[in-house]
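For reference, the chain that follows is the form predicted on its own, supplied as structure tokens.
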């Protein structure tokens, strides 16, 4: 089995007295694509923010490459090789495309690596090379998502977490984004943890899948084995009791 890159164990996150994430455990192995799916309000974004250090878990453990990161600053966690692309992409619309990319490289002390990453970004995303001197705010939604991914690559991250990459995008553009992510995994060994609401798309592009409902994991397993699973669809849509095989495929 591949090396565990990210391990979350029995994590709880509260907003005041309200648990936003309850007893959550998941693993992401090196060079995997793992998708977490579930309805709005299930706690998916909270989970990513806690892993990235923007929120502090009230209980549980988060380890990146075996190193505990609970309570560490986001900057410290980023230097361990993890990058979060939040919902809405959060690009700097008043800066040029290339300036956005260089902002992404700010935490990368290896200047030769930065130049290599910039060349790679333009190779993978030709539209960004064409628009490098234009304002990022003039890009289409799909192009902005490509810029957000390229900016994460500029940091030298080996694990990229993406919150809702399909948000606001037409289906055809969304497919293009996921195809690019899959190619990056194949070509550069990138590891990806993706929040996605579309169950069919998550199954198509991921190695493993977790379903998060009501702030807790209710189902997990290997995507290739779950295509026709009634338990999977029951868990996703909240029908009946939660399936018994929570944790499968971990």
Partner chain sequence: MMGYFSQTVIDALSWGGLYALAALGIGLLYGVLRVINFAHGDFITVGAFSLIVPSTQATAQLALGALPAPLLIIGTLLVVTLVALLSDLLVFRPLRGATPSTIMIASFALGYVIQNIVLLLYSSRPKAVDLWPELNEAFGFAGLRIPQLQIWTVTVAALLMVALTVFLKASSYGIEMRAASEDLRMARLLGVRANRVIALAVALSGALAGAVSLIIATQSGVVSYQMGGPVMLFAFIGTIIGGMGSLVGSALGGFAVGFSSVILQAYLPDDIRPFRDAILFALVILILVIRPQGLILVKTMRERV
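Residue numbers count along the first chain shown, from 1. Predicted, not measured: the structure shown is a model, and the values here were computed from it.
Another form exists, predicted in complex with the partner chain; not displayed. Remarks below refer to it.
Interface residue among 71, 126, 171, 137 relative to the partner chain in the predicted complex, by the heavy atom within 4.5 Å criterion: 137. Contact check at 4.5 Å (heavy atoms) against the partner chain in the predicted complex: none of 167, 180 and 200 pass. Proximity of residue 90 to the partner chain in the predicted complex: non-hydrogen atoms within 4.5 Å are present.
Taking the partner from the other structure, the partner chain in the predicted complex has no heavy atom within 4.5 Å of any heavy atom of residue 175. Taking non-hydrogen atoms only, residue 132 never approaches the partner chain to within 4.5 angstroms in the predicted complex.
The partner chain is not shown here, but in the predicted complex it comes within 4.5 Å of a heavy atom of residue 83. Of the candidate stretches 208-216, 50-58, 181-189, 25-33, only 50-58 has residues whose heavy atoms lie within 4.5 Å of the partner chain in the predicted complex. Applying a 4.5 Å heavy atom cutoff to the partner chain in the predicted complex picks out 90, 91, 92, 93, 94, 95, 99, 102, 103, 104 from 90-104, in order along the sequence.
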